[in-house]
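Read the single chain below, which is given as structure tokens and is the form predicted on its own.
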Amino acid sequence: MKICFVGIGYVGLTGAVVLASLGNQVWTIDIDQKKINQISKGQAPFYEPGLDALIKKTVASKKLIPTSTWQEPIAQSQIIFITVGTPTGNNGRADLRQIKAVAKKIADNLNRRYKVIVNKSTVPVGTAQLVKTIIQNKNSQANFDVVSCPEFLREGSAVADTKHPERIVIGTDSDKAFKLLSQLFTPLKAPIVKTSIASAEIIKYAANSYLALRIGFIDQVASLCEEVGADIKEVIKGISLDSRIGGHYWYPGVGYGGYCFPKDVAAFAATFKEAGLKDNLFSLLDQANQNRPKIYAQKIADKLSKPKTVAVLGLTAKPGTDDIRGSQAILFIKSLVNRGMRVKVYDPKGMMEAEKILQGVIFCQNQDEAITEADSLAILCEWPEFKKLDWNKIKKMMKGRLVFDAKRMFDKKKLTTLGFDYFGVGV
């Protein structure tokens, strides 16, 4: 098929490349010419394992065509995917300005041939109707359907998740649109779930909010463990053997982060309020999560008793990506700086992006540089190289002995025996 993606972030570029690798003709449209040039050279504009190789292959075969022009891709494509950002706006609501702008540009370039326009960005209920209204108002001759088809990929495993999705949700009241999209997605061999448009728009928010809720739940239990002398790891082991609960997706730490979870929970809470459900669980979850990095920054400040040097390892929300959007580590660092701490930071992949937004910190070339002469060491992300830290060497490099293990990667007894003042989440 001939298709195009408008917006080449994680969702748009990965989706475009995977569908191009299946033999479809795929255009990717973006206003950022620098990104277009990088992709044209076979390079991803961000770090994502396995993506560069697929880009090189599909660009070389001319199945993937990156462009900043609109006329040919929109006119030629049977299916048009909208994959632009929906960041947090006022009062937690999703900011739909990019969606509206794209809808207008699509309307300007549509001909009378039938098109399926797919909202793949994470958007609140009613957005498909909004896109439809914008296009109809600008181009009354257009022949199209608007469909909601949310994406469920994870940064760090975006290629694998797109190639092998657990399900594909198609929200539409059009049999014609459903048939066309089913044909496109059949090679992915995933269950295809047909829903109403409104249900599809809720499914993405509900899925992300539930996953965030599991993290928020176990974070709260971890805080209780810290106060009463329990260990969250033992608690997780005990509750996980209940088949109704399971042992998956328990990640106690300084809160859930990343680009999607914080903004999606906030947007979901805003949707509840707009529907007249002001007292909702997700508003409380969002508030508790925002406070969590500050709680642990204050604990370090209290243990040090006065402003000193803190080394922070790990800036990204998770290993395997260079994306720091929504990272709780960034909020943690800002809280340390606000408390007068001298902060040295290092991350294997996220340094370049962090330098754009973090101020008042010292960016280090490697972990040793960050740790040297530090009064306290905080490990915020479970990058593989951090799991191999040489604690005998670190003891000689550090000035102080305070270690904060946000992800519980290390054995408290071992570090205490070595002379460190260890504290971790949930213990």
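Position 1 is the first residue in the sequence shown; the rest follow in order. What you see is a predicted model; the values in this text were computed from it and never measured.
Note that the form predicted together with a small molecule isn't included here; everything after this is about it.
Between the small molecule and the residues Val193, Ile245, Leu224, Ala101, the one pair within 4.5 Å by heavy atoms in the predicted bound form involves Ala101. Checked against the small molecule in the predicted bound form, the candidates Lys163, Arg93, Arg342, Arg325 yield a single residue with a heavy atom inside 4.5 Å, and that residue is Arg325. With the small molecule left out of view, the stretch that reaches within 4.5 Å of it through heavy atoms in the predicted bound form is, among 71 to 79, 121 to 129, 302 to 310, 331 to 339, 121 to 129. Contact check for Leu380: every heavy atom lies farther than 4.5 Å from the small molecule in the predicted bound form. Interface membership of Asp375, defined by any non-hydrogen atom within 4.5 Å of the small molecule in the predicted bound form, is ruled out. Residue contact with the small molecule in the predicted bound form: Asp286 places no heavy atom within 4.5 Å of it. At a distance threshold of 4.5 angstroms between non-hydrogen atoms, Lys115 is out of contact with the small molecule in the predicted bound form. Although the small molecule is omitted here, in the predicted bound form all of Ile8, Thr86 and Glu155 have a heavy atom within 4.5 Å of it.
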